[in-house]
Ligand SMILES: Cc1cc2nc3c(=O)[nH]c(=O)nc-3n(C[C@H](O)[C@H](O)[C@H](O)COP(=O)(O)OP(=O)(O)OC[C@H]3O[C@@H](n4cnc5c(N)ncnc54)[C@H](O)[C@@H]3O)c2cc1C
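This document starts with one chain, in the form predicted alone, laid out as structure tokens.
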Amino acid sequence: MEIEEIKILLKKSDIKNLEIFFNYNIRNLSTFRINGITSILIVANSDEALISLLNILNDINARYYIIGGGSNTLISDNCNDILIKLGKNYDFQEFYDNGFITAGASCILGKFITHSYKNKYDFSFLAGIPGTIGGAVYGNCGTQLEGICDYVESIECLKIIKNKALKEKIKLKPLNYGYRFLKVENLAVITKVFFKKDKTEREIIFNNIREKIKSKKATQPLNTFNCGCFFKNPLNSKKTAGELIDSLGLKGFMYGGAAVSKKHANFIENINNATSEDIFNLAKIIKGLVRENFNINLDYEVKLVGFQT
């Protein structure tokens, strides 16, 4: 079905708790801050609305992508995929004395870390990482030694089974996650996360957060338009992705308005009105040079949305 036909279908659907936008500027949907247009953006504010929406889109075989805070996403600047975000009803946190915490998937990670600190829960290893709880769990963000999924007891989510969206609560096991991945069969979207963690003294947590932020400021370009580390660290190399790229002398290397960060080689920055294609092509050049020189195939950590490759 053509995109204009999908727009007409969505207008007629009359699903409650959905906000539908046509020809929406993507600048505020990704921390790359690229100016471009996506044909359709939909904000869902209830599980019922999200289930109805996904069932319609699956019935017509429409391409759609569910995005979070956009801190780990490169969106094509002429995107014909349907973009879906979880709305304000998914932005909440609840803390309990027995070590259990619940959070909605659209809760901002920084806010979660701060409120956890106030309730004596230490998530300082995530300090300085942008994005939402849902995105963080979906990519198991954190360090190489510690990921957010280590503290996830279960998730509430929607799965797509036989082309239909179904709501489920799933208890996570160690086999479900690893370095930068969460593996749950037929997973479409995380809506709510249940954590289990022991309490820690606030002073210790505060010092941990301060040291983590200090380290990130010293080593990463936090005040530029970027989406964090572009590539995953290869598991078959003693060097990180950033070290491999740096060893090729690529810091500062430009393509169009995009450049490899001079501060951290695994960051690509929008320095001069870069297009999505500028960033994508620069990433392909980096990937090709690393493969050619080290016989290592770097995997993207940033999610690519609206591209045909």
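Predicted, not measured: the structure shown is a model, and the values here were computed from it. Sequential numbering from 1, following the sequence displayed.
Absent from the display: the form predicted together with the ligand. The rest refers to it.
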query: Contact at L86, R180 and A188 by the ligand in the predicted bound form, all three, heavy atom at most 4.5 Å; finding: yes
query: Partner proximity in the predicted bound form: L222 to the ligand, non-hydrogen atom cutoff 4.5 Å; finding: yes
query: Non-hydrogen atom contact K7 with the ligand in the predicted bound form at 4.5 angstroms; finding: no
query: T73 within 4.5 Å of the ligand in the predicted bound form, heavy atoms; finding: yes
query: Exercise: T240 in contact with the ligand in the predicted bound form, heavy atom 4.5 Å; finding: no
query: Interface stretch in the predicted bound form with the ligand - options 63-71, 254-262, 35-43, 241-249, non-hydrogen atom within 4.5 Å; finding: 63-71
query: The unique member of I101, A105, A165, V152 whose heavy atoms fall within 4.5 Å of the ligand in the predicted bound form; finding: A105
query: Interface residue in the predicted bound form among I113, I82, C141, I205, criterion: non-hydrogen atom within 4.5 angstroms of the ligand; finding: C141
